[in-house]
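The form predicted on its own is given below as one chain in structure tokens.
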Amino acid sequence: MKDTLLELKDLTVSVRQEKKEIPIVKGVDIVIPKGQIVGLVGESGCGKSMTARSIMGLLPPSAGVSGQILWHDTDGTVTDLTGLRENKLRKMCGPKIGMIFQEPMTSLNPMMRIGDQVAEVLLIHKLVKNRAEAAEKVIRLLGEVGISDPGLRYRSYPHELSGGMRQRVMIAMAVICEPDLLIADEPTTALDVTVEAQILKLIRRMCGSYHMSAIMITHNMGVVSEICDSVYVMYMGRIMERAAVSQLFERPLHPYTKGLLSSIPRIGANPEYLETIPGNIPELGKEAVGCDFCIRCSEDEHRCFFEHPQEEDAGEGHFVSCFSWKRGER
């Protein structure tokens, strides 16, 4: 597929707990087209970050990975990242794949100046001739991501920057090598709404400027509507629904997706009442015999408790894994 940059095929990730393999990601299929921002949305603990970290090879040594992570290079070659040696995968992280981590304060080294941390990526991958050239490029990029007085901030330490500025530094670090794919793992967590809007706008602009694809990992459907072209809804390590963003918001089919959308606070709504999805995510290791969502679902059928639904085509590039979705269409 010439328009595809990355494919996850039947990806399964498990962790070992008390001599038992606990599946976290369960047979996930995701396609990242070139030049698009794809959202991966779901509640905390559903496996979003584990999916992203499996792409980067950042899983703990005890984790087990099966399936395929297929990278489609510009020359037409296809590489399975799950079969790459660690040194070869590390060479891709930076020039090919960049990542914005969830918490910038813990992701940045408090003992290193900001400029040195961003420049380090260029120097490791030998993309500049010397430190002077690296410094020039970093200062220019810090200005591009909206950091005022970038020359001064180049010499600053992380604790001297606000949360929004630190997140801008993380974005600069992720795109400094001009990668083909940007992975953003909850990039606006703990930021106020004004700074969040600025960061999302910046990510969209940087993707356009550097012709990058992106995976936006979030639990916030508002973020999805703001920045993404298409979206995958994940629950308990499985993809429940996938569609173009406009399709999903206009015509949500899975009860879980409907619950996520109804939970968004709305202007004019009763401030004392907020919609929620009843129940809680089951504990790790407690596998459902049937649909993972059935114990929290208001539209369940008898077979939901004994059989996993297969993905069905609902038309116009919209897919859903649910037995009862057609009932909601009537």
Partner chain sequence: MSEQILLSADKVTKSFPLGNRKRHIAVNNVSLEMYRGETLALVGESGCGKSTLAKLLMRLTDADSGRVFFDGTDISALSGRALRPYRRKMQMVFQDPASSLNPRMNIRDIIAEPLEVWHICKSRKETDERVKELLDLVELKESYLSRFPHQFSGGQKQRIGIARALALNPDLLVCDESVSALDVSVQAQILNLLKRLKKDLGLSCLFISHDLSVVNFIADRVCVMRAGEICETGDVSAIYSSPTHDYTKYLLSSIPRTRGMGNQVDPGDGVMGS
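Residue numbers count along the first chain shown, from 1. Just so it is clear, the structure is predicted and the values come from calculations on it, not from any experiment.
The same protein also has a form predicted in complex with its partner chain, omitted here; what follows describes it.
Only one of S44, S66, S298, S62 lies close to its partner chain in the predicted bound form, with a heavy atom inside 4.5 Å, and it is S44. Contact with its partner chain in the predicted bound form, judged by any heavy atom within 4.5 Å, is made by just one of Q102, S156, T79, Q198: Q198. The closest heavy atom approach of D192 to its partner chain in the predicted bound form falls within 4.5 Å. Under a 4.5 angstroms non-hydrogen atom cutoff, its partner chain in the predicted bound form has L260 among its neighbouring residues. In the predicted bound form, its partner chain lies within 4.5 Å of some heavy atom of F249. In the predicted bound form, its partner chain lies within 4.5 Å of some heavy atom of R266.
Using a 4.5 angstroms heavy atom cutoff to its partner chain in the predicted bound form, all of R168, C228 and T276 count as contacting.
Stretch-level contact analysis of 115-123, 201-209, 90-98, 70-78 against its partner chain in the predicted bound form, using heavy atoms and a 4.5 Å limit, identifies 201-209.
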